[in-house]
Structure formats: structure tokens, C-alpha cells
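Two forms of the same protein chain are encoded below as C-alpha cells; each is given separately, as structure 1 and structure 2.
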Structure 1
């Protein structure tokens, strides 16, 4: 139950009634109306800008509209009063029993409180990680992987039909470099002295076992042979080995994909030509010569006639090459075909999670999706900024295993999956993030993952103690939901309940904004209120969760903290963090 949606419906009913008898027109656009908690809790439980939104349509002053609406609010069940504030905001105060009853509603939802069908089962493809299969995942990949995975969970929680996808870039020149690097390790495994790894090849130790595996499989078959003889089989072997390693790295963060899509299949199946034929049929391809790009020239640029896509027709800065003068495809051509394939699979919303260094590539992909779908398919590219690794404020050195960077597995092995996942979601994806190994493992309020986990574990600790104090007490959710909720009269208790009332609205808005970091923020605030109530009980015995001579008040307090537990568990599950019961 989303109480804000409930009263949004009630407000719209008021506007409809007033439109039937005057003074409002019958056709009213309420799409810009907000229904949310007021910034100042003393102003009530719900605030709305409905009068400000209606002023132009109704041709009335906003305060006059607000006075009419506020007068009708008293007729709505559960509303104590409606007050007009400022230029025409309406603040709604709910009756105490409405606030108190939300505890029972949360428990009766049995862990599903906050779920919604706002997505209406729209088919959404979330593509994330999609790292070139040339080495282990590093910290930058780690952030994108966690963000994409949490976003997919958030969308699933709010009623979208979500597919999690990884695009394997296994058709580019970097795979030839991988094959040559693996061949060098293969020769090393067979006893050859390879010396220093030549510049341009991958130097990391992670290729040593690949070389040994090649030697075990092929013996000396490829040794001293021409590259043209071994490049293809070793390409495939090394790519498969790298993808096995990447999957294992992702598994350490409990990240799994529904689909692993190979770029190579686009080339082998002719799907690139199919997608470009679609653009050709729309008159969006032509032969032309591009001006030299400013700055560093991309690998696929050439000062010769090429087949170009009219991306400037869709707001891009320049038209984009899809086929070179020698007939080979550009990197962009494969991306055109890949996204067209997603459309052909029935996805109407595409979300791509990329590194921040790909920002300049966004507009061309948006352009071709608009062209291919006639604007019926949306693309939302989420760029993830890099993460700065620190130890007590000092930058962390590189990893020997990777050869040039700290791997994702290095981080997870040191601090654990849950810490990594939560901390990576404490900032918006396009904001920089510092990850200090010392701070993310300290047990204090300043460490958000500890503080939230501690709240969940603390609830379980109280429940265990309550069961010991009252062995006959039925502590099932159904039983606790029948507790006498009128005992909640303290401002801290009511504030905590109001915070929980906000969960369905909060998670809905996070999904619509595609911002899972909002969940981490919400959980920290909820945990803070819970811990504050705990501390208040240390000074005021009547506010303790367990009162040994008052089983009914204890039962209600156990209901309250059980509701907190359920919401924290739901939020942590969205983030992919285990809700621990002991610490």
C-alpha cells in the first residue's frame, strides 16, 4: 500500500467533483502534481502543489484553489485537517490512528511492502559490465556491475519485465592482442624464455594459467607456427577462458546475467547488414567523407569515402561511419546491429551502463535507436564515474595479478561482497566516489553499510530476547499485526512510522529516476531513526522495546521494529546485500 498514491487519488476525486459543479474545467491535467512528505515534519504528513499546478488551467489564484480543496479534505476518511501554506501549497495532517495502523499494513504485506506494478511489465533490457574479455574486472567495472545489477533488481521490484545482459566484445582488434598475449604464455608454459612482455600485449599474471591450459590441450602443436595458423583457435580459447574468469569475478559479487550476447555472432550471422539495410530503406545512409575529428583520431576513422549514417538528422554533431571504404564494418556498425537485435527481441526500453569515458558515444547510439524504432524504443545510458581507492586517505597501488590496476576480486576478498556492493551505491552513478578500505570496514555511524546492517541485526537481537522473556508470546507477523498500535504516541515512534510510510513512494521514485543509490540513502536514514529510538529508550524506560511488566506494549513495539526489519531487508535485497541477523 502506497499511502501517498491513496491520497493522490482522493485529491483527484476532489478536483473531479469540483469540476462537475464548478469552478474548475472538467478536463484537467494533473501530471505535474506532486504528493510527498513536507520538508518540515511539523507541517503535516503530506504536501501537495496541486493548487499551483491548477492555477493556469482553472484561471484562479492558487490560494483560492487551495482554500477550496482544503475545505473538501476534511470529508476524506483518515484526514485530520488540510492547511494552506505559502503561495498555495496544501499540507495534509492524517489522524493518529492512520499513522499507527501503517505498522500492521507493513507486517501484513509479509516482506512485499513497497512492491508495485508501476512498470506495468514493460520489457526492459539492462546491459551492464560488458567488459572486453581481455582480463579481470577492475574497480571501475565493479561500480558499473553493481549499479546495473541493483538497477535491474529495483526495476523488477517495481513491476518491470527485466532482462540482465552482458555484451561480449569478442570481434575487435583487442581480441587479437589477447590471442598473441596468450600465445606468449603458451610458449612460456612449454619452457621457452619469453623475457619481458612486449609493449602492446597484456602483461598480467592472469594469462599464465591460460598459457598452461593451452599447453595441456595442444602440446607443441602451435609452437613455432605462423600466426595465421594459430590465431583463430587461440583467440577462441583465450576468449572463453577470459569469460570464465569474468563470470567467476562477477559471482564474487553475486552478479548474474540472463544473457551473454556475443558481438561475433552479429558478424557471422549477417545481422549487421540486416540492420543497415533497415537504415538504407529509410534513406538514412549515404556515401561521404567525414571531416577529421578534433583531438585524437579514432581507430576506425579514415579520410576516404565511407558509408555514413545521417545521425545529424537526430541531433548528433556529425554523421557517423558504419562501413569503411574497404567494405569492413566500423565498431559503430556492430553497435547498431546489437541494439536493433534488442528491439527485435521485443524490448521497448533499453538501459546501457557504460564507463564515464564513453560519454561522447551516447548521442550516436540514441540517434540510431530513434531512427530504427521510429521513436518507439527508448535508450537510457547511465555513465558510471571511476572509483578512487584509498587506504587511510592514501591512494592504493596497482595489482600484480592484473598488471596495471586493482581488480574487483582484490577488493571483494579484502572487505567482502556486502560492503563493496553497498558502498558503491552510496553515491549517484555519475558522481565520483572514494572507497577507503579503512573507513568502509569501521564499525561506526559514519560507515553506512555497518549502520544499516547493525539496525537489521539489532532488531533480530531484540526479538530473540523478547522470545526468551515471553516464551508464550506469538511473534508471527500476523499476530504482531494485531497488536494495540495506539501505544505509539511518542514523537520518535511516529516519526519512524512516517519514515516507513514513505518507503513505497521512495522506491517508486527511485525506479522511475533509474537511481538505486536512493535506496541506500533511504536505508541509512531509516536505520538512523531506529537507532535514535533505541537510544531514547535507554533514557526513557517506557520507550524500551521490551517492557517485562507490560506484554501488550512490548507486543506493539515488537511489531514496530519488525516492520523496520522487513523494510531494511527489502531494501538490502534490492541492493544485493545480505540482511544479516547477527553481528
Structure 2
């Protein structure tokens, strides 16, 4: 329960009471009322627009309403006073002890301060990465992977029942290409001269060990055999090998998945047909001919009747094909079945994390979800924009042809997991992001990862020093929570506490908006407040955390910074960044 909720309740009681005794109508819609900290700290601790919202319903001037409510607020326990300001805002100032005591609340929560139940244990499925198993993960995949992973953690932290999922695209034509490429390496491993890798096959060195493993397992069994004989077993073998590699890559970034879902199983089990039958039953499939697109017309365009899904019924631009010209299912058809399967497994909220280049695919999937669930299941597709790699300001050149693209592993090896994760979360997902190797490894406040980590490490540094100075001092959270919090009177201390009081609200809003980057920004600001307080101790010895001759004051200060530490650690954990205790 955070403090804003507490006073929101009190405020509602006041409105109801005023409704019963006189001035206000009995039934009042409070849905647009906000109860939040004011932007400007001089406006008190809590600000509400309630008078402005009620002005129509109560048919009174905002300021008159505000005066009535403010007078009542002044009587509430813990409220110092309620002021009316501007057009009719009510600013509530809390008594100092209410603010101070929050430190104890944070410590007693034991790292769970900010955890909430807004998610109501709703079953939500977050799908991310979902890369073709045809090669190692490269930089482009990094961002979506980290975003999805952090978002899943954030939702888990806010009371959703989260499943993390990877959709393995192991059924398409590219897997045949993979199998042929692996077959070539297999022949090579058995001593054949394969020369240059032909255009259209995967040239990467990562397939060499796969070829060797194939040779070890099968010997010369597939040599000089027709492709139709070996393609299936080698597809399976190569796909498994690629997935092993991808899983290992993901592990270097601590990206977790609960389920790896194979597209192939949808084809093999007939689930695609089942899902399409559902659409058919709703009258949403038909055979038709698509118009060519208006702009640049494809050269090989030909009019042809196809089985189409009527996605235009749900706001899509054109209806979408579910069957290819050779009669096999389209990628979209499998995706229909996949999302249908998620619904069948009981998820009521689906989140897909894709690269921005798949933006044109969003509407048709949204359409399917709406059609199959009758609007009961929500789909939220989060698109991640590109990452521009830079080295000291100059773009890193990458060319697929020469094979000089940078892999996820390259990046992690160079700058470390924590840096990659944090930096990738310092932008909104739908804004492009610059990743400069020089800048992200810098040890200065220019580098947010470092800055936040440093604040956390600094707290631990003080705690170590304090224990040395006061060997008998009990520094457990329970003990610190009993400290004399009334020592916090300096504006920087109070400002720090107010900032921490905002943590639960931030987490909640970040979860509802599905924007984990807000956590990163919050942490940066909290770290900044902490560093500021630290430096005040340089000028004013009485503001230091450790006061040599005053164990009680020291105890309170340690309580304060332990609370900071708990929140930074919680936030970093959500982002998947390790809160280090020493640097």
C-alpha cells in the first residue's frame, strides 16, 4: 500500500461525506481524479485536481469546492495542512513524521517495496526474440530480447502471471537453406572440397562444427544421397544445433524463457487447420484475388485466387493470404495457430515484441486475435526501433556479404552484460537508440549504468565503514527500521525520501504502459539525489552518514541509505542488471 493510495481513500471518504450532508451530489464520478506528487516540491507532498474535475458535477466553482475539501483534509491524521492553489488544485502537506517514517516502511518491506498486485494475476504471455534458428544472434536482436525480458520481469513484479516465450521459426524455407548449408559443411568435414559457399546459402563459420558433428554422428551415410533423403534429419539436427547456440547466446545476456515453442509442431499436429477452421466457422475465410499494391508494383505480380482471411473487417488495409501458391501454409497461417494456441492455454493478455521492420504485420495479427477471442483477449505488439552502433561517434559498418556483422556475443564480450542491458533500456522502445562503445564503458555520470551502479556501491561502502566504526551496531533491516527517523530534517534528505515514496507509483505506471525504460530513468534520478546528499556531507559534517560520536544519528542515516539501496537493487533486478556492492 503506498501512501498516495492511502490518501486517495481518505479523499474519497471526504467527498462521500460531503455528498451526504449537503453540497455535493450523492453519486459522483471520480474517474478523472488524480492524486500524485506535484511537479514542484514547494507545492507540498500530494496534489489533487479533484476540485477541477468535480466542478461540473457539483455545479460549483473549482475554488469553492477546493476550499471545502481542503478544510476537511486538514483534519485528517498525518496531514499538516491542505492549501488551495492556482485554478483549484489542492496541495496537501504531510507532517514531517509521516515522511520520515516511510524509511521504516521501505526497510520493513525487505526489498519488496514497490511490488504490487495491479496485475491481478492476469495470465499474460510475453513473446520475444523469436529469431529464425539459422545463425547466431546479432546486435539487432539484442534490444528486443532485453526489452522483452525486462518487461516480463516488470509485469511479474506488478502482479501479473507471466510466461516468457520464444517462438521458434523452424518450419519455413530458410530452414531448408540451413539444412543445405549444414550438409555442405558435413561433406567438408568428411574431406570433400566444397570450394566457395554458393550464393544463397549461409556462409558463416558457425556451421563448420555442425558439419563435424553430423559427420561424427552419421559417418558417410548421407554422402552421395539425394536431398530428399537427408533433408529432414539434417534439418532437425541443424535446427537443434542452432537453438543450442541461440540459447547459449541468450544466457550471456541472462535472457530467460519459460517456453520455446516450435512452429513445426503446429504444422505436424494439424493445429493450423484447427485454427483456420475457427475462422472459417466465423465466416472470415474466403477465396479471392488481391489487388496489387498501389505504389511500387512487384515485377512478378500475378493475379491469382487465394484463401484469404478477412482482416479488413478489423481495420486492416487488405485481406491476408493464409495459403501459398503451392498449397502450403503461409507464415501468417502458422502465426494464427500459434496465437490461437496461446489463447487456448488461458492467456488473456498477449504481448509480442518485434523489430520495427515487422510493423506492417501488426494489424493482421491483431485482427486474428480479435476475431478468435471475440475481443476478449488483448494483443499488444511492442515494436523496437533500430540500434545504431557507434565507435567514438562514427557508425560501425556491418555488411552481411562479408560476414562482418557484429553478434550479440561480440557486444557482451566487449562491454559486459549489465552495460548492454541497461543501455538498451535507456530509450523508449519505439525510438531509435545510439549505442556508442566508447560512451557506454566510460566511468562517469555520462554513463547511466555506471552512475546508478556507483550509487549502490557507495551505499555498501558506507555500510562497511560504519560497521568498522561501530562494531556493536546491529545493521539488520529490522533494527535499522527502529532508528530515530526524526533526524531527517535537511531538504536533501526529505527530498530523497519523497523520491523513494514515488517508487511504487513509477513501477506501476511503467508496468501499465509496458515501458521498462521508465525504471531506468527513475533509478538515474534516485541515484542523483543520493549523490547530491552525499556531497552535502562534504560541506556540512553533520549531514554525513556516519557521525563518529553519535550512534543514533548514524543508525538513522544508515536506515536512510539502506532504503535507497533496497530500491536501487529492486529496480536493477527488474532490468536484469546486477547491483554491485563494490566497484
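Whichever C-alpha set is largest while still superposing within 1.5 Å between the two forms counts as the rigid core. Everything quoted here is computed from the prediction, not taken from an experiment. Positions refer to the first chain, counted from 1.
By the stated condition, namely the form predicted together with the RNA, the second structure is the one that fits. Shown in the overlay between structure 1 and structure 2, fitted on the rigid core, is a CA shift at residue 340 smaller than 2 Å. Once both forms are overlaid on the rigid core, the distance between the two CA positions of residue 241 between structure 1 and structure 2 is under 2 angstroms. Comparing the forms between structure 1 and structure 2 on their rigid core, the Cα displacement of residue 542 stays under 2 Å. Taking the core as reference, the Cα of residue 84 moves 2.4 angstrom between structure 1 and structure 2.
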